[in-house]
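Heads up, the chain below is alone and in the form predicted on its own; it's given as structure tokens.
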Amino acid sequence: MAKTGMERLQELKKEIFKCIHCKACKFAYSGEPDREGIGEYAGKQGTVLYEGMVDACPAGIEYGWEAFWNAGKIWIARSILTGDLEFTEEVRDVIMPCITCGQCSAQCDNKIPTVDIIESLRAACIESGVPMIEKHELVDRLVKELNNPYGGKAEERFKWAKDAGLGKYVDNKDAKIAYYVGCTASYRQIEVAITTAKLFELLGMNFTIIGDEVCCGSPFFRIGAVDTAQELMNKNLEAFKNVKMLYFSCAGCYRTFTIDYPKWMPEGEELPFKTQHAFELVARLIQQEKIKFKPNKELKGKVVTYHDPCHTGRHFAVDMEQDMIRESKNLLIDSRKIKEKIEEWYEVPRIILRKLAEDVGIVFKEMYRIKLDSMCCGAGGGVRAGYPEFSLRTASLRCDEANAVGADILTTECPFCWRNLSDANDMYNHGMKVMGILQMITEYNLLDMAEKPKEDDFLTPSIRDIE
């Protein structure tokens, strides 16, 4: 039987009561007050200091007062569990403007799974009878009617594939490897879907795009519409049950299948397939010296920086950390292994970027806040749909940081981040080009194969699954 939000909240009770209200969760680099950085930079959103510990919670920065910072939301969860507070629309309006970026969890010395708590709190709020905000009700209605939150027709979900000459991969019955495209890449950022599928084709992968694919459910797990999310989850588990490996180009979809589905599936059930992001495959093939890149005059000398999506970055890192903590018999000794595993994970996209610098001639330059301390793009947690002005101001803050290192190109590996950063880049005149790493490889025809990959290369597990 499916779990309720309140049941998940009860399961997390011990974690909720670990919070000592120390406020470390407000900052990036909360343990490094002397960290050197860029210094002051007068960006589009006003002068920001990129030095030492800096404010990092988007909701706290936007709204200012205590309840909107993570520590305030944890106290709300505690008060709900103890019966000192009841769910109301006022409570909803405090817990909803949170991008669930996980920065708070990354900074927490008590290792509290804050995102899990906030999402469960939202689910319990809806279950109590408090209505969703109007814009979330709209996307919930659309996905129930059309299996996607954008209002796109089912028959148009893979129109991009047919138009790009990739139609033969839709419902390719011979393939045991599938590409889960997701709603954003199918109906909005189709260039992400096209470049990913073309890259797979260039690599010689025999893959399928399943015609029965529906929304992964990510927006609905985030906003607390768990019943809707679980319905979508069950449809996808049925649609993809016969594949061995499922690849993603969307960070949110990848996180949802890999982290959320197992938490919300009936106890004892496991995913019937392995999951992996496309950038993991490319990085692995670079390490195996099976692919390299061609020089490119147009890109040579361009300063490129990278935005870590929260869903492939912090959310996976914190999930790996939680798993290793649960399995640890001596956390003092194993803490070093945890840090090494997280660092290895964050290096995956950077393997590609450093190879692009070596072969193509780009200049790869990191922003101040990176990896576990990376600033959110502002799009997640239902905020882009529900609070668009807040969302885009947050994206502009991130673009400010890219401007501060002189970036010509701001890259990422998530169509949702791509959309929000691109919109803020245009709206606030940041003057950069925003694109995905794999998009750059395909659109500039950079791929140069030294050795054709074999099927086993495509079925190799993610480094997450390798001890």
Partner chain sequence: MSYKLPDDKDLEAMVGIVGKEYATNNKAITASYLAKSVMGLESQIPDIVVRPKYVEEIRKILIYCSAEKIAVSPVSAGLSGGFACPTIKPAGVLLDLSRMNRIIEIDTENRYAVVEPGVTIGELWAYMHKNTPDWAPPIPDGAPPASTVMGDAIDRGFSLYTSSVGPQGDNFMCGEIVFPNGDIVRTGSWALPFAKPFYKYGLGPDIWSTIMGSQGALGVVTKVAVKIFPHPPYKTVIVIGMSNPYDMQDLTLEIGKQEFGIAHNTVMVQGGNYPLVMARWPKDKVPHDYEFFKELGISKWWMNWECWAQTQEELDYVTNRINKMAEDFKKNRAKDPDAVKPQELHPKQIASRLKKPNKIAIPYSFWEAGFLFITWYTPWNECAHFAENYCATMEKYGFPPVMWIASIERCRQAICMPIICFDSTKQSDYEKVQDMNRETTEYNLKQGWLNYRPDPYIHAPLTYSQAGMYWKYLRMVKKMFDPNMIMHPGRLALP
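All figures in this text were calculated on a predicted structure; none of them were measured in a lab. Positions refer to the first chain, counted from 1.
What comes next is about the form predicted together with the partner chain, which is not displayed.
The three residues Ile177, Leu232 and Phe240 each lack any heavy atom within 4.5 Å of the partner chain in the predicted complex. Of the listed positions (Asn110, Asn172, Ser128, Gln288), a single one reaches within 4.5 angstroms of the partner chain by any non-hydrogen atom in the predicted complex, namely Asn110. Though the partner chain is absent from this view, in the predicted complex it lies within 4.5 Å of a heavy atom of just one residue from Asp84, Glu269, Glu344, Glu156, which is Asp84. Partner contact region in the predicted complex: 331 to 339, out of 331 to 339, 220 to 228, 393 to 401, 201 to 209, criterion any non-hydrogen atom within 4.5 Å of the partner chain. When the partner chain is considered in the predicted complex, Cys22 lines it closely, a heavy atom lying within 4.5 Å.
In the predicted complex, at least one heavy atom of Val91 sits within 4.5 Å of the partner chain. Although the partner is absent here, Val48 is not a contact residue: none of its heavy atoms lies within 4.5 angstroms of the partner chain in the predicted complex. Contact annotation for Gly431: none of its heavy atoms lies within 4.5 Å of the partner chain in the predicted complex. In sequence order, Gly72, Trp75, Ile76, Arg78, Ser79, Asp84, Leu85, Glu90, Val91 are the residues of 72 to 91 having a heavy atom within 4.5 Å of the partner chain in the predicted complex; the partner itself is omitted from this view.
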